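This document starts with one chain, in the form predicted alone, laid out as structure tokens.
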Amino acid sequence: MSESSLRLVWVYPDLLSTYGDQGNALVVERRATQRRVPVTRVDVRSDQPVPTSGDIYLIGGGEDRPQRLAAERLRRDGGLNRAVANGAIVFSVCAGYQILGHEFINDLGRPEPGLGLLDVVSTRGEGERCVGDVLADIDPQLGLPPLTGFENHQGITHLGRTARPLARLRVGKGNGTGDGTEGAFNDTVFGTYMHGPVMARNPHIADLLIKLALDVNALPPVDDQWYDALRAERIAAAVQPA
């Protein structure tokens, strides 16, 4: 597959990179290079313009104030929205997931406009935080094995008409709405509350993004032994009795 190449953009690692979410960029890069797909990775800090020529954009989680700052700068910059309009793939986690929606509650307790790339609205829960291992079944149309991850958030995310749940919960709180959903996606934009990092636990998500970016139906197989062992360990932890 060496005739193809990928431009991978890690958005605002100085503001949005909690719980090892930068590992998602490492996994996507590794999964592509194992298939001999050249990868150019660009880490874009919050004082830099977001390039519009990327193929895959990754956004991590963050604390409340950095989340507000990131949303303000991404709205002002406009590069990520233009990239999506050009067909780019976006995968977001936790605070990044909320930013991609229409609105979330910021650190000042006020509604903060998002980017409108996902048809979701996030509020802040009044009860206990959603913390712990999660196991969920990913939307069948994506053709992926079950989702495993670790959640730690206070958010409640409601999906609108054009957003599909990324997964249906077996264990955990996910979107926090009580309807059994976790995350959301549309054609090229994905959001989840899962840390882990999520792609180390779910390498087939990284493969999905690569396939979408390259516009191919399949990728050559690679050795998944390490990933399989990690998945089995964390799935067992999620389902064992408390």
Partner chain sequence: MAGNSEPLSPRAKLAVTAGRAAAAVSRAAGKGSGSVIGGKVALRFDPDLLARLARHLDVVLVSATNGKTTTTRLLAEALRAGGPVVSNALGANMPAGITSALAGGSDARFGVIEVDEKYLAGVARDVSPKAIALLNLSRDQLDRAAETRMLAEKWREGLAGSEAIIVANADDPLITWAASSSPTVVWVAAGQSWKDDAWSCPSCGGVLQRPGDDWYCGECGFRRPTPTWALSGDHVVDPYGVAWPIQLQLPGRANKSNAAVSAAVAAAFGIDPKVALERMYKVQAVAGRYDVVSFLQRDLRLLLAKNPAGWLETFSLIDGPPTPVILSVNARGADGTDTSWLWDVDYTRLAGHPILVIGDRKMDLAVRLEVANLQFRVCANLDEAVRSAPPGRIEAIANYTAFQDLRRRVGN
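Numbering follows the first chain given and starts at 1. Quick caveat: nothing in here was measured; it's all calculated off a predicted structure.
Same protein, other form: the form predicted together with the partner chain, not shown, and the subject of what follows.
Original post:
Of the residues T188, T181, T52, S46, which one places a heavy atom within 4.5 Å of the partner chain in the model of the complex?
Top reply: Only one listed residue qualifies here, and that residue is S46.
Original post:
For the chain seen here without its partner, which of 52 to 60, 191 to 199, 206 to 214, 169 to 177 has a heavy atom within 4.5 Å of the partner chain in the model of the complex?
Top reply: Going by heavy atoms within 4.5 Å, the stretch is 191 to 199.
Subject >> Within 4.5 Å of the partner chain in the model of the complex, all of V9, V39 and D137 (non-hydrogen atom) >> reply: Not a single residue of the candidate spot has a heavy atom within 4.5 Å of the partner chain in the model of the complex.
Original post:
Even though the partner chain is not shown here, does A229 get within 4.5 Å of it in the model of the complex, heavy atoms only?
Top reply: Residue-level check for A229: yes, a contact with the partner chain.
Original post:
Does H158 make contact with the partner chain in the model of the complex, using a 4.5 Å heavy atom cut-off?
Top reply: Although the partner chain is absent here, H158 would stay clear of it in the model of the complex, with no heavy atoms inside 4.5 Å.
Original post:
At the 4.5 Å heavy atom threshold, is T162 in contact with the partner chain in the model of the complex?
Top reply: So T162 does not count as contacting the partner chain.
Subject >> the partner chain contact at L142 in the model of the complex, heavy atom, 4.5 Å >> reply: Contact with the partner chain, no.
Original post:
Going by the partner chain in the model of the complex, which residues of 56 to 85 come within 4.5 Å of it through any heavy atom?
Top reply: Contacts from 56 to 85: E63, D64, R65, L69, R73.
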